[in-house]
Ligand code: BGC
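First, one chain by itself: the form predicted on its own, in structure tokens.
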Amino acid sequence: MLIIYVIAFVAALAGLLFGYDTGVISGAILFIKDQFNLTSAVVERVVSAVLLGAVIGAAFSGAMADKLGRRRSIVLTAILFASGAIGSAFSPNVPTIIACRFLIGLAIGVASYVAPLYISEISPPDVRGALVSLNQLMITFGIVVSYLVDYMLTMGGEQEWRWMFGLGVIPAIILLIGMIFLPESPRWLVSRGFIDRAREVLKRTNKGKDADKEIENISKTVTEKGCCWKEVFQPWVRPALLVGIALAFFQQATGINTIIYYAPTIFEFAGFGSHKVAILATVGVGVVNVLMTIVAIWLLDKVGRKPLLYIGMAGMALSLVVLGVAFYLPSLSNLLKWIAVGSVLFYIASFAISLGPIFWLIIAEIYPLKIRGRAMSLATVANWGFNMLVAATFLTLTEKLGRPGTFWLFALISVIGIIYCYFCVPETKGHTLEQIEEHLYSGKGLRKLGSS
């Protein structure tokens, strides 16, 4: 079993790069803005280049994962990550920075679903939840690393932003070298007719189990080579497709990235006057995110997906209500900053054991093998699209609805999410990917999977 953990760790380095390159811009942009005398509009373009690239990368790379394979797709993302990091570090002007950040965004868009897809297809069912969620842990770890790198390099000169970007090449090279030596997904190999290669991979990764029997089970779900978008929207697939898109909506529309992107702003709203203190508080948010993701990894294959969704989303709703009340009542002004910190930390902890890892895990489990790459890419595009929408409207919402109203809106969406999960989201704990696919094809209803 050791080889499974090694494979999952190396593949999850794509998640670390996802987190690092998403978070590092928060510090680097301060230096870039000063050096190049940027307007707010240009700053927005620099920051949003990654998000735009991620949407496009996710949209066009589902077919790539199905055609080239999961492993080679991750190798390609490692090359894109490394190229983008080096290019950003040596950029002579702002258009080049934007272009390189867009390139990194393409890599993030691919990595955000190919890494969990690869891990899910190569993992035994009894540890699949934990191993797929290792990717989410590495995302949170990458964000914390980026915050710490930004903080440590703020003491240097105006060129320190180049080091902030450039250091991302180190994990990219490690990922590239590591993936070269890892096996391809056995399920993708079977889908392409490479039965002997798939058998060898299964013998290495599932010792003690009958590789031929597993290949037989996988083969039952593969009818022919190739896939087209029409097959993604077949009636029997639609319930799973809707679950993926809905979970993408709830993961973003409950406000997570307003907390990640705007935590210093929220803390300043609450009365922390110093930028430095607000940023340090944000590092604390990142640390809690990492620690609670570790807890989620430990619980996912013991407790199951749906109980953690209920608990986590209820905690998110409660913390958002409290945060809104704190901003609504002027009499709490002296306590506001501490209530804000406590509420944000509790929100992050609740998210980290629920929607954070479980969205990526569920979409890596519920789609049929033949269309899995394209279907996951569609859910990932939806996730990044909702991410952009929420991030772009947060400050406007606070102006229109007020800070309390904005947080209460996110709380209401969290409650709606709990109801949706109860009626529509399946419990996939303990089921093989082939069992999930057979159940979906039977038309019995995804929600009944956990009790079938």
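Not measured: the values here are computed from a predicted model. Each residue number is its position in the shown sequence, starting from 1.
Missing here is the form predicted in complex with the named molecule; even so, the following discussion is about that form.
is_contact(S219, the named molecule) in the predicted complex, heavy atom dist at most 4.5 Å: It does not: once the named molecule is placed as it appears in the predicted complex, S219 has no heavy atom within 4.5 Å of it.
Under a 4.5 Å heavy atom criterion, is F351 part of the interface with the named molecule in the predicted complex? The answer is yes: F351 has a heavy atom within 4.5 Å of the named molecule.
Would you check, heavy atoms only and a 4.5 Å threshold, whether F18 touches the named molecule in the predicted complex? F18: contacts the named molecule in the predicted complex.
Heavy atoms within 4.5 Å of the named molecule in the predicted complex: does I143 have any? Judged by the heavy-atom cut-off of 4.5 Å, I143 is in contact with the named molecule in the predicted complex.
Taking the partner as it appears in the predicted complex, which of 381-389, 405-413, 420-428, 60-68 has residues with heavy atoms within 4.5 Å of the named molecule? Of the options, only 381-389 has residues within 4.5 Å of the partner.
L175, I139, L247, M316 - the one with a heavy atom within 4.5 Å of the named molecule in the predicted complex: Residue within 4.5 Å of the partner: I139.
Identify which of S133, T254, S120, N289 has a heavy atom within 4.5 Å of the named molecule in the predicted complex; exactly one of them does. Among S133, T254, S120, N289, a heavy atom within 4.5 Å of the named molecule in the predicted complex occurs only for N289.
For 339-366: residues with a non-hydrogen atom within 4.5 angstroms of the named molecule in the predicted complex? Sequence-ordered list: F351, G356, W360.
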